[in-house]
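Take a look at this single chain, the form predicted alone, given in structure tokens.
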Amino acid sequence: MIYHLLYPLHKYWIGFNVFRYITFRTAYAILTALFLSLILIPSFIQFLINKNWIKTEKPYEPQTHNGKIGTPTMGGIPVLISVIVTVFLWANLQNIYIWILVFTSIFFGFIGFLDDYQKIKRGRGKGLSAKQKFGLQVLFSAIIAILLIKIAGYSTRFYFPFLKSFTPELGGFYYILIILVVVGASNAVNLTDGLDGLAAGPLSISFGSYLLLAYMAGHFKIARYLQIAWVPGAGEVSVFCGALLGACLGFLWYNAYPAEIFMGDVGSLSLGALLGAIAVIVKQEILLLLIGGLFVIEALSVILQVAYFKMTGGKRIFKMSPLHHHFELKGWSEPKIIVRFWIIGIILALTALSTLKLR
């Protein structure tokens, strides 16, 4: 709203022209979302305690996590509120990609809320069934794909890093790709969210990386110079990434070890889906494997553990999955695991960004 209210006034005073610049609005989106989340979360913690919306026992966690029982959950709600309010203040609301990302927040936040609410009411981590959760994720991802391709006129050409001239036209297969990326990212972040700050830290790194990629993709000269896909209008996604970055940092203030509040599925599923949707919009889906590499590793550890368990009749690769639980059972302290995983996330993000010059 600030953009739409103040930018038109540049006709009367040139100083208002500053609201035209994506870089300016992105910077203030980061700060706005950061302060909103810092303000909202303490009140929300008290609200959650009053409603008794707290973490319950889960049968597939180490016993050391019993001390976390009773901590408020569903912290993703104030994070999403901070993001959406900030986007409405600083983004160009005539941009279709902004609305698609808002819908993604609402769609996947709804799935996460249902799952969290069921876990709280039923206890023992019994939320939505795997079929219910996966079915809703696929349905909403398909809607996002239709909005992108049919409404936004999104190109269905696929871009490979390192291969500047190989851009195959996927046509209808792009719908499947979008669903795979969004659902995969949503679940990968959800699996990673098992320790204090373990998801919020790498998410901040990932959204910061895609903030840069979105700006580059939306800038014709930079995209041509770097020989990456130019996506008209994608630059505005930087403002959304800025809001996500600020809100995650604000949440991390209260979620850092020892956590005062947990993200819950309402946060991890929606933020993961947003990460996947942004990767699709800026046509950097493959780089998500690096930028979000930590989430990929965590998800693969679960897949490998389950597959190996079934193939060998009960044997395990890891002491427990996802991977962070394996290190817990090996005796690593929780803060050590968290900080080391953050370091890995930074290394992977820097590696991904460095590939922009390898075309």
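Quick caveat, the model's predicted, so the values are computed rather than measured. Note that residue numbering begins at 1 and tracks the sequence as displayed.
Missing here is the form predicted together with Muraymycin D2; even so, the following discussion is about that form.
For the three marked residues, F24, S204 and F207, no heavy atom of any sits within 4.5 Å of Muraymycin D2 in the model of the complex.
Although the partner is absent from this view, M263 contacts Muraymycin D2 in the model of the complex, with a non-hydrogen atom inside 4.5 angstroms. Contact annotation for P322: at least one heavy atom lies within 4.5 Å of Muraymycin D2 in the model of the complex.
In the model of the complex, Muraymycin D2 sits within 4.5 Å of a heavy atom of G197.
E236 falls outside the set of residues with a heavy atom inside 4.5 Å of Muraymycin D2 in the model of the complex.
Of the candidates N190, S270, T86, S141, N190 is the one whose heavy atoms come within 4.5 Å of Muraymycin D2 in the model of the complex; the others do not. Of the residues V306, L38, I45, L300, just one reaches Muraymycin D2 in the model of the complex with a heavy atom at 4.5 Å or closer; this is V306. With Muraymycin D2 left out of view, the stretch that reaches within 4.5 Å of it through heavy atoms in the model of the complex is, among 45 to 53, 65 to 73, 24 to 32, 288 to 296, 65 to 73.
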